[in-house]
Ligand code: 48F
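The data below hold one chain only, encoded as structure tokens and taken in the form predicted alone.
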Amino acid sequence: MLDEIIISKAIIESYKEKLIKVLDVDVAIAGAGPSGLVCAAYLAEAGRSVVVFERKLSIGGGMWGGGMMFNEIVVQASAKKILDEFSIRSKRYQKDYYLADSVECVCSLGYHAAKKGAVIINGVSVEDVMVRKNKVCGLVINWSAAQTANLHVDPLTIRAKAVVESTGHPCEVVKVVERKSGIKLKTKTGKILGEKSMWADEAENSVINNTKEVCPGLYVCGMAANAVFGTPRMGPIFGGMLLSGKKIASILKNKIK
């Protein structure tokens, strides 16, 4: 005979333990899009403690819808190896162009990140950052539903040796740092430059170059990187997102022993 109170108690106790576990981590990631999930998977595989916060109930960012809700994505040859590593099926369309099912991609990226040890917490937004001695050293989190309802609910904090911004086009975490911290960003102007109009070839190359530390303790990957450093968007080709996530994981893996 099932008891509703036991069910509730099990969920509350387990979630409490999960949240306590991630209060102090090696890497905290804002945004569970493709670049954030790839980053989390590689870091967790390397033995780093990782938590990913996603404001929506669903992970995967813009990958679910493929191109204009045709749920197929394109990946260039240089990124196909990552699809293979995450057991994602793909098919060659023509030289240097590979197709993959967007739903399978998201499910597999999330599955592998979780199985390798990354903790993914959905329904939670990043509303601020912790800054000490001009270095970003953590995230300030709150329920997404509380923000949507405009409720005055005080947040909680997560401490991290490094923070990764992978919220996509809005680059929300960097915007908070720019607005509130007084820290100068490592861009040409010291501020967010803003994304430019679509140019897939330029954007896919620049997203790799832009994947780096944007200010002490804060790193950007995926579309957030292009938005911060002022380069074009790329549309429904996702190889750059995957490669960007892998690059930032490699940087942090070497930096955080």
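All residue numbers refer to positions in the sequence shown, first residue = 1. Just so it is clear, the model here is predicted, and its values are computed rather than measured.
Heads up, the form predicted together with the ligand isn't pictured, but that's what we're talking about next.
- Partner proximity in the predicted complex, defined as non-hydrogen atoms within 4.5 angstroms of the ligand, places exactly one of 156-164, 177-185, 123-131, 87-95 at the interface: 123-131.
- For the options M63, C215, I192, A44, the residue carrying a heavy atom within 4.5 angstroms of the ligand in the predicted complex is M63.
- When the ligand is considered in the predicted complex, F53 lines it closely, a heavy atom lying within 4.5 Å.
- In the predicted complex, the ligand sits beyond 4.5 Å of every heavy atom of E104.
- Shown alone here, K135 lies farther than 4.5 Å from the ligand in the predicted complex, counting heavy atoms only.
- In the predicted complex, the ligand sits beyond 4.5 Å of every heavy atom of V25.
- Proximity to the ligand in the predicted complex holds for all of A32, E172 and G235, with the criterion being a heavy atom within 4.5 Å.
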